[in-house]
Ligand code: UDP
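Presented as structure tokens, the chain that follows is alone, the form predicted alone.
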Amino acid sequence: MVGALMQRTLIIFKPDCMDQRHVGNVIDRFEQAGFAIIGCKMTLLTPALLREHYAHVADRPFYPHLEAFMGARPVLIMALRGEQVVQRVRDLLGPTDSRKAAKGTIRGDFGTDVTVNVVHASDSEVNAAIELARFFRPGELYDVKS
């Protein structure tokens, strides 16, 4: 059972992270922060799945570029579990715009801009639950104790 402080979140290692081979470095930062990996798989994100995932921005002018970028190659999808993992992961990442992210954050060290920013992470507990259900089927998450 996930307690009040114990949360789960979704991570998508974006195409730039995959291409530049930063996945291991990013996972290491998550593990060093004490988070447990409770699910992981590689997949190619389809236009339909991307449109559902990014529905909140699908009508914006930049969306076609975002969809092309995110669907360009297989990505790694991961679920993490830990105390206050949603906010703590976002703190580790830094701002969405990598150009504004401090060195020492994941996006500050490896990102390029607002789209090419290494990792997608859920922005709330509610969205984490929705996103985890979107990318993982029942039985694909293993809530091991960390």
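The shown structure was predicted, so the numbers you read here are calculated from the model rather than taken from an experiment. Each residue number is its position in the shown sequence, starting from 1.
Below, we refer to the form predicted in complex with uridine-5'-diphosphate, which is not included among the displayed structures.
I'd like to know if N117 sits close to uridine-5'-diphosphate in the predicted complex, meaning any non-hydrogen atom pair within 4.5 angstroms. Judged by the heavy-atom cut-off of 4.5 Å, N117 is in contact with uridine-5'-diphosphate in the predicted complex.
Flag L66 as yes or no: does it have a non-hydrogen atom within 4.5 angstroms of any non-hydrogen atom of uridine-5'-diphosphate in the predicted complex? Close contact exists here: in the predicted complex, L66 approaches uridine-5'-diphosphate to within 4.5 Å, heavy atoms only.
Quick one: does K14 come within 4.5 Å of uridine-5'-diphosphate in the predicted complex, counting heavy atoms only? K14 belongs to the contact set for uridine-5'-diphosphate.
Can you tell me whether T96 touches uridine-5'-diphosphate? I mean in the predicted complex, with a 4.5 angstroms heavy atom cut-off. The answer is yes: T96 has a heavy atom within 4.5 Å of uridine-5'-diphosphate.
Exactly one residue in A48, M42, A102, V57 has a non-hydrogen atom within 4.5 Å of uridine-5'-diphosphate in the predicted complex; which is it? Contact with uridine-5'-diphosphate in the predicted complex is made by V57 alone.
Those residues of 71 to 109 which, in the predicted complex, come within 4.5 Å of uridine-5'-diphosphate by heavy atom: Residues within 4.5 Å: R90, T96, R107.
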